[in-house]
Every structure is written in structure tokens, then in C-alpha cells.
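In C-alpha cells, one chain follows: the form predicted alone.
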Amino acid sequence: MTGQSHRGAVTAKNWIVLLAIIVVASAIGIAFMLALRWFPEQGSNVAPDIDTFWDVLVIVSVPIFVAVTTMLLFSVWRWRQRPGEEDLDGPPIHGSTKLEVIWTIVPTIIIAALTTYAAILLVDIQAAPAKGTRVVNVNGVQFAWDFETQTPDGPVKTAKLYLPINEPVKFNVRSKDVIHDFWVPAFRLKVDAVPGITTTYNLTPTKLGTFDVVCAELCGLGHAYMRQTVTVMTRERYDAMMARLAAPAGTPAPATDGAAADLGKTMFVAGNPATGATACGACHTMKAAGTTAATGPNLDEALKTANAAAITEMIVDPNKQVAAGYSKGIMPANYATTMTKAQLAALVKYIDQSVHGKG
């Protein structure tokens, strides 16, 4: 017959010490978690509400985590097996119905309250947009974003997104191939781009500046490079930008922000100065341009035997012929729509001359 090991009841002093540890540790934990900079700067009207909800979750979750962890460690310490007790049984115990009811009801109430809070917030965020709200169609394709903004003069297509500050906008989000996820961290909201359907959300940009646009859904080998930017500007600058982008396709785009006179080189190393198409040098090595990226082939090697026509085809239809060791879908396939003919010709000429030592 085995003996019994018993540590005695937990005393009031034990409970006071445990409660003090939980309170102090929770206070420190909450202060630390709230002090951390979890998110980028707030850039939309819904961002403060979402950040507040996050703070509420932290304030509720930290004490629960601390309490559970403290009681677990205390139990391990107090009722641990000690030398000479290897063959002893613990004392017979009977479950506490009252305790079980409490630890079932309390978490249920907490979860119900947080769920209600989240539902109210979500309904508020998804409220129907006001009449006259600006509409932007967002299209995802492996591995790039393009945008179509509805203006009084008709739709304007761009590779970068431009928005006026303090004016509501509705995003219609679509995918041309697989599931993507349209996310601007500064705006806080994100939504899946699903083939065959249109998803939406509404918000109002509230901060001037340029913010990241990323894909938050694993969509293939080039997922990490499916990035773009949204620039929030004053209404005057926005109107001027839209007028410039709405110019006929053959109209050369004026150089901006100190763009180099050589349009081809500027586009290779910095992207399309008019619509923001991804810079070639962000993914490719080319000695003449001083770029060393390795996401795509080294152009000095890959284009040794390619003429201007072949280079053009590789830019506008990158999946038709893929270099050995690389996969289809890594290079964006939308350059034909984000560059004018003149810009494409300048880029091709620059690459051709650089690779073959011409000019």
C-alpha cells in the first residue's frame, strides 16, 4: 500500500502573495506592452479606433496570462515531487463545482464582451460610404498592384496610388489570378483580393506622406516583392497629379523630384517617374546602372545575345520566356500599361546600350 503526500492547504498568506505578484506583474506587463510601438503611424480615420481596440485587448489579455502563468508556476513549485516521494500518491481530492462554474462563466463573459466590441467597431468601419465618395479600383496580379481612380474626366490608371487628404475613398479590390491581400499598414485595414469577386472597404486618409502598400497573403514566389506605395497629398497637388497622369498615352511625362535627363536610366534605377512602375534595378544586376539585386537574372549575362525587340518582349511579356533557374510570375506583367510607348522605348534603348556597350 502506497503512502500519501500532502502539502497542506494554501494559506491566506499564500493567496495574498500570489495576488500581489499577479497585480504587480500585470501592471508592468500592461505598461510594457502599451509602450511598444506595434504599428506604424496612423494614416486614416479608422486607425485610432483600431489601435484603441488593440490596447483594450492588451489590457484584458495580460492579466489573464499573468494569472494563469503565476498559478501554474506556484502549483509546480508547491506540489513538486521531492526526494523520497517517488512511490507516494497525492491526497484524494474532489473537484470544486463552484470553481468550475466560475472559470467557465468569467471567460465567457470576457469573450462575449470583446466580441461585441469588435462587432460594433467592424460594423462602424464598414458603414456604407457617403454619396460622392471617391472610388479606386485596386487590382492585384502576381506580383504587382495597379490602381484605377475614377475622376470626372474618366478613369486614371497608375501603378502607384495617389489620394487627397481628408477625403473619403472606397476601395474596390480584385485579383486577376490568385488570392492576394490589399493592406496599407498605416491605414490599418486590409482585405483579401479574391479572383472572381470584388471586396471593398472605406476610409479617409488623414496624414500627408507616402505609405507602404503590401500583399498580406502568400501568393507565390514573388510575394515578398508585391509592394507599392500610396501617397497622400493636398487636394491641389492631387488635382495636378491626376491631370498629369490623365494626359494622352504618348505624352512624355515631365521629370520630377530631380529625375535625370536620361529617361531610360531614370526608369531603370528609380522606376517610372509618371506612374511609379517598379524599378528594374530593384530586381536585376546591371553593371552600367550600378545595380546589384539578385531577385531576377543578371542582365549583363542574360541579355548578351538579345536585341532591342527581344528586350521589349521580355519587359511587356515576362512570362513568355523565363531565364534558367527562375520561375514564371516573379516579374510584374503590367509594364505595358504603366509605361508610355516613349518611356518603354527609352528604357529598352538604355538596357540595350548598357548590356552591349553601345553609345
Ligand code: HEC
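In this text, rigid core is short for the largest set of C-alphas that superpose within 1.5 Å between two forms. Keep in mind that what you see is a predicted model, and the values were worked out from it rather than measured. Note that residue numbering follows the sequence shown and begins at 1.
One more form of this protein exists, namely the form predicted in complex with the ligand; it is left out here, but the text below deals with it.
Tell me which of 54-62, 290-298, 41-49, 22-30 has residues with heavy atoms within 4.5 angstroms of the ligand in the model of the complex?
Flagged stretch: 290-298.
What I'd like checked is whether 303, 327 and 332 together line the ligand in the model of the complex, meaning each has a non-hydrogen atom within 4.5 Å of it.
Yes, the whole candidate spot contacts the ligand.
Under a 4.5 angstroms heavy atom criterion, identify the one residue in 323, 308, 67, 34 near the ligand in the model of the complex.
Looking at 323, 308, 67, 34 one by one, just 323 meets the 4.5 Å heavy-atom criterion.
Which of these residues, 136, 280, 241, 186, gets a heavy atom within 4.5 Å of the ligand in the model of the complex?
If I apply the 4.5 Å criterion carefully, the residue I get is 280.
Taking the ligand as it sits in the model of the complex, is residue 284 in contact with it (heavy atom to heavy atom, 4.5 Å or less)?
Taking the distances in the model of the complex, the answer for residue 284 is yes, it comes within 4.5 Å of the ligand.
Does the ligand come within 4.5 Å of any heavy atom of residue 347 in the model of the complex?
Looking in the model of the complex, residue contacts with the ligand include residue 347, since a heavy atom lies within 4.5 Å.
Taking the rigid core as the superposition reference, indicate whether the CA of residue 284 shifts 2 angstroms or more between this form and the one not shown.
Comparing forms between this form and the one not shown, the residue 284 CA shifts at least 2 Å.
Taking the rigid core as reference, does the Cα of residue 336 move 2 Å or more between this form and the one not shown?
Yes, shifts by 2 Å or more.
Spell out whether the Cα of residue 326 moves at least 2 Å between this form and the one not shown when the two forms are superposed on their rigid core.
Yes: residue 326 shifts by at least 2 Å between this form and the one not shown.
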